[in-house]
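Okay, so here's just one chain, in structure tokens, the form predicted on its own.
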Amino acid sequence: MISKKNINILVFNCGSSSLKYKIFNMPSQEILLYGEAERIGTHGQKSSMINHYIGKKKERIKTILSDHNEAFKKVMVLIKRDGKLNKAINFDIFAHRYVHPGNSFRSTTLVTKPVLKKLRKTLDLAPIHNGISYKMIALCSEKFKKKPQLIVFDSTFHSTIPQEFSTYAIPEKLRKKYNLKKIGFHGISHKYIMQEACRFVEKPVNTQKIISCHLGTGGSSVCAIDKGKSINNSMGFTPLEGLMMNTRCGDLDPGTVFYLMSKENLSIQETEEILNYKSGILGILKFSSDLRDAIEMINKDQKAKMAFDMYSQRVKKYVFFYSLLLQKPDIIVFTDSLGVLVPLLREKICSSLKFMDIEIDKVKNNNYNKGTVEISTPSSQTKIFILPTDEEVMIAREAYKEYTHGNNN
């Protein structure tokens, strides 16, 4: 490791259909350059997009991004171009989000050949995410051999989930042999939301009960946080459990899987393909896997209305459960693309919470512009916030800490 100094960190955050990137100067946390490749491999008529920002300049590039490798190459062309024009934004190290490390890693880790070898063994734990992130890390290792890379894991924040919520009711021998338990994901985002929400209300983290709703165009999850600790998360051993998502089915009776495999004579791989890549919003809507497309058609297409209603009801189920678990939350937060940009979704989810004296202000909700905003009524006993997440700055903080001081991984 090196002694503490100013360094520029290029953060890559791979979603199932997106690639977010930011260059931070650390430890100041100044953003030098950032952007996002959207709708990567998304089913539908709309083209992929790269939104690229440097200073006050914004580029909106329509393109075709069939996979994350193609997105990486096009993003790096933009970063290299800008680095030639302004050397101050050139990056020193990479930092990556990695969803499911299994038991191999428990804290931020510097990439080495043995680490890459261990990561290869985790690809089947989160088929949508791990393979994408692994390829990104491998690409960076191949193309930028002299640039150090660090990995921040999405599951670390959920290591505090109590056993009664993390344990699956299957034979102990199998549970222990394969470490089968609720892992929980989006931990980087939920931790950021927790810290920023408490900062906004000027309350210590260890005094607040929070429900964090990370609702994205790709993955979505709800997290119950009690006094600084995650105590439950809607995702499970893999990110397939929980909410209905863009192409993931979410919660499902396991018996339907056995029945489907039997009737259709499906292999394990074929079944996994259906549940991870052909279900969710896409399975209902058919013409798109993006809930925003469903909302545009909600008054014209019955399937679009069904997709929206199914999604919002499933979020509501977890918000209800976690409200009871926390014995009434102090704060409910909506974040990520759908949580921030879709007022109808927030209204639908909160519309049935009045019996718990939790009430959304429809005017504030519908007139949201940007930043952190409270959208609950003055009489609501739980504060409701819109708070854009920033997984990238959390990744940069953790990577900088490890790179400059080390955690003896």
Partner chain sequence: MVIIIEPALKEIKITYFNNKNPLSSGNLILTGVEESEVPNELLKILEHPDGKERIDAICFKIAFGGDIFSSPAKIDKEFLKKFLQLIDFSPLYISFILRLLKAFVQSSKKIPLIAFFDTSFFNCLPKTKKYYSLPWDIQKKNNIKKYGFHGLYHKANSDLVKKQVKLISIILDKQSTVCAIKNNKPYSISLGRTPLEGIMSQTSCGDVDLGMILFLMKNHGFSLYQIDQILKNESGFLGITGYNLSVAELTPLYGKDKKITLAFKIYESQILKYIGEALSILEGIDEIIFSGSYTKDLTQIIYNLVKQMSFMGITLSETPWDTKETKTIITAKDSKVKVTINRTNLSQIIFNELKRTV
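All values derive from a computational prediction rather than experimental measurement. Positions refer to the first chain, counted from 1.
There is another form of the same protein, the form predicted together with its partner chain; it is not shown, and what comes next is about it.
Contact annotation: of the candidates Lys227, Lys117, Lys286, Arg106, the single residue with a non-hydrogen atom within 4.5 angstroms of its partner chain in the predicted bound form is Lys286.
Among Val201, Leu78, Val205, Cys249, the residue placing a heavy atom within 4.5 Å of its partner chain in the predicted bound form is Cys249. Looking at 89-97, 216-224, 150-158, 295-303, the stretch with residues near its partner chain in the predicted bound form, meaning non-hydrogen atoms within 4.5 angstroms, turns out to be 295-303. Its partner chain is not drawn, but in the predicted bound form it has no heavy atom within 4.5 Å of Met136. When its partner chain is considered in the predicted bound form, Glu241 lines it closely, a heavy atom lying within 4.5 Å. Taking the partner from the other structure, its partner chain in the predicted bound form has no heavy atom within 4.5 Å of any heavy atom of Asp82. Mapping the unseen interface onto this chain, Met356 counts among the residues with a heavy atom inside 4.5 Å of its partner chain in the predicted bound form. The three marked residues, Val373, Ser379 and Arg397, fail to reach its partner chain in the predicted bound form, with no heavy atom of any inside 4.5 Å. Contacts between stretch 307-335 and its partner chain, counted in the predicted bound form as any heavy atom lying within 4.5 Å, involve Asp309, Met310, Gln313, Arg314, Lys316, Lys317, Tyr318, Phe320, Phe321, Ser323, Leu324, Leu325, Gln327, Lys328, listed in sequence order.
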